[in-house]
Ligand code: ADP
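Here we start with a single chain on its own, the form predicted alone, put down as structure tokens.
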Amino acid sequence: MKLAICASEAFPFCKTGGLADVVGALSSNLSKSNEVENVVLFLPKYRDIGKTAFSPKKITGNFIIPVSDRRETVNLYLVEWGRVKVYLVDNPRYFDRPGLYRTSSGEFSDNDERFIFFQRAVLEALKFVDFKPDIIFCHDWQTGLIPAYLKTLYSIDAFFARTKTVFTIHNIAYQGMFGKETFVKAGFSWFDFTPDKLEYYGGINFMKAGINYADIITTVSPSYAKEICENAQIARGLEGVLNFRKNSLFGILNGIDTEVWDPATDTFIYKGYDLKTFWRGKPYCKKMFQKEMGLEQNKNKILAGCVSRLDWQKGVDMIADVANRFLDKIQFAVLGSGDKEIADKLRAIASAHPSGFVFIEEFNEELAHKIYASSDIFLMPSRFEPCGLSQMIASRYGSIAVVSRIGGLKDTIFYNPDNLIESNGFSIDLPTQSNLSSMLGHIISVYNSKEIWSNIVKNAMKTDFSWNKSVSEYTALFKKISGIDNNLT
């Protein structure tokens, strides 16, 4: 099976969030599958990619694609990354700028053109390098037009006669909605500008295009797949088209890179540990983190960590609202940036209680690792969460996740209040201040029972969050729609 993966970001090449972590890890793990012969990954060649540890090599020649009423030149660069060939799509007009999607003042005004260019370039680049894929695996709205192009403009192109598409929804809140003029820029026929095809409230929605035209749609957890069909608030207007394609929609849980996120070998943290050495390693990490951050060095106080984008979705505002009630028993360490109002709240608490609350307003990879390794609990009271990676990482480090019972959080963190020794974390039914406050009070009492707490830690650290099961589910779907395995039903 030959697989082409397309995304707007992938770690370790370019990253703004969890999408990059998932695409990078999934690409690497799929390339190691016995079911996959070759994997290529297409990314935009952003300005900073060449400044990483990788040295992209320019491929001889170029080609032209139409965007709006112009013709744009495409240059390709290649990076050999393990078993994956990474092709970087280059055009300075679109990608030689700071940031991937936006600056501090807002999103780039030409994001529609930038990703029309990228998607059309991917299809022509496959022909340019003579890679005829069985599957084109597309991720989020920035690649949602590719399935539509294959079923319309490329429907009689023999090169793609056997190619099928899989479109993955990572977060339906970001859909790529643009006006009618963007439909013209994309080059589609007006015959396709109808509500059952590409039209969306008088404009075009890139994510809707992917859902409508892909052979298979996946999303990043089984519970989220159900929620986006049943809950209009979560589906953000796409519940109709999702229900229409319901039989082609599958929820496959994300994993984490267990080599990167391994407390036994992590070079960022104060002291490595595994399940056997946890009771020496974790307290040491906690003590050193308290010292570094200026928190009171008290082993008996629970340290609650949070590494998150500051956003209403993530529920970090609730942490700010309840923290003052618990500062005599719990210390808080929050790392993240985003919403100014939430940041101001967190900063005010940290200023008033420097020995009990620390807020670091930035993205800092090293500090993130230290928080996972040092904290006793990890707060993630999200209002919606397609999958989430932080709760998996925290669990692997023995930092007990405290989550809302929604989306991927529901599929990864198991809480049985009647039998805590079966639990690997704590969850609240609804993401509200009162529920979070009640749960923190409950955790304080549970923390004092070392036997129960020890069992929860063991359960968390033993939970398998690797990509193995997910890769098997993806390859089974790929084989099913490509006709490679006709026995699947």
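From 1 onward, residues are counted along the sequence shown. The model shown is predicted, which means the values in this text are computed figures rather than measured ones.
This protein has a second form, the form predicted together with the named molecule, left out of what is shown; the following refers to that one.
With the partner omitted from this view, the residue of V307, V122, L295, L76 that lies near the named molecule in the predicted complex is V307 [heavy atom within 4.5 Å]. Contact with the named molecule in the predicted complex, judged by any heavy atom within 4.5 Å, is made by just one of Y273, Y200, F332, Y372: Y372. Residues with any non-hydrogen atom within 4.5 angstroms of the named molecule in the predicted complex fall in just one of 415 to 423, 309 to 317, 280 to 288, 210 to 218: 309 to 317. The named molecule is not drawn, but in the predicted complex it has a heavy atom within 4.5 Å of S337. Contact check for W261: a non-hydrogen atom falls within 4.5 Å of the named molecule in the predicted complex. The closest non-hydrogen atom of D96 lies beyond 4.5 Å of the named molecule in the predicted complex. By the criterion of a heavy atom within 4.5 Å, G407 is excluded from the residues contacting the named molecule in the predicted complex. For the partner-free chain shown, K15, G17, G18, L19, D21 of 1 to 30 come within 4.5 angstroms of the named molecule in the predicted complex, judged by any non-hydrogen atom.
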